[in-house]
Ligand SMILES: NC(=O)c1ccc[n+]([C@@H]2O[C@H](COP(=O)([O-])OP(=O)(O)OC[C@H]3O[C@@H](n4cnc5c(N)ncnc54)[C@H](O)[C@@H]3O)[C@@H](O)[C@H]2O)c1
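Just the one chain here, the form predicted alone, laid out as structure tokens.
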Amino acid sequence: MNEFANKTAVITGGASGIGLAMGELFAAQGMKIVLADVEAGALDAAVARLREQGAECLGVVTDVSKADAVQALAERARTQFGAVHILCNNAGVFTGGLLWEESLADYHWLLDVNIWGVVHGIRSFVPMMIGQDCDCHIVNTASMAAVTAMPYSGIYHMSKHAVLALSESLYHELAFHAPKVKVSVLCPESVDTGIAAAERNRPAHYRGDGDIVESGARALVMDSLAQSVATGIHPRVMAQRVLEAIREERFYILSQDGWREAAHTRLDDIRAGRNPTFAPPVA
């Protein structure tokens, strides 16, 4: 896709971070923007920001873990703008700790948002895009965690591995059945976003007495994540990578830093059939 003017992009997790950066960059290309987010106040502020920049923008409060909410988002976008040409399944959350200490609610929260949010996006938007019979593009946000596996964040790694595998299968299926709809998977490294504070949007049904196990492992990974994102690259760098990948019809959007080297080490382990190497990314 090379022509963006007057086309429509839908972005989940669009009120901040990478989602908002993509919204701003797409709007600068002349696109109409639909931002979806579970955080209503931040969403209102993001929509106002894009409108001040001259964009035609709609905000839809959306819990991507709910199939009916994502379906309602798709219908609202189509009603408002007539078609959807770019979908960014970008919403994501994080928590960490030892896998045997984390609660079932921890598992359900990350898998429901990080995996099911993408599933719901695919099921609601792909049929619409196929029916439009025009060039479209889906961008699923995974992570460099999708091609590595580090301790104390196993649920997050599992969820992002699933997003990558799902996206790869979707790529092949669309190539066979609907070649006008392209797919990319975004695998960011450390980016200056609010993901370290994702607990602020954790719904009540993913909480409970004794739900969160406060441990040294959990504190270690949460503190490390907070420091990492605080010094991470600006989200607009990710947005620019996404725009370039859409133009080039390129599937993998990967980092070039120490996370890439960590991924190479993991691949070497698999190729050699050896036990996993602990090779954390080095800046």
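Residue positions are given as counts along the sequence shown, with the first one as 1. What you see is a predicted model; the values in this text were computed from it and never measured.
Unshown form predicted together with the ligand; subsequent notes refer to it.
- Residues with any non-hydrogen atom within 4.5 angstroms of the ligand in the predicted complex fall in just one of 215 to 223, 250 to 258, 50 to 58, 37 to 45: 37 to 45.
- In the predicted complex, the ligand sits within 4.5 Å of a heavy atom belonging to residue 15.
- Under a 4.5 angstroms non-hydrogen atom cutoff, the ligand in the predicted complex has residue 64 among its neighbouring residues.
- In the predicted complex, the ligand sits within 4.5 Å of a heavy atom belonging to residue 190.
- Although the partner is absent here, residue 229 lies within 4.5 Å of the ligand in the predicted complex, judged by heavy atoms.
- Along 88 to 107, residues 90, 91, 92, 93 each place a heavy atom within 4.5 Å of the ligand in the predicted complex.
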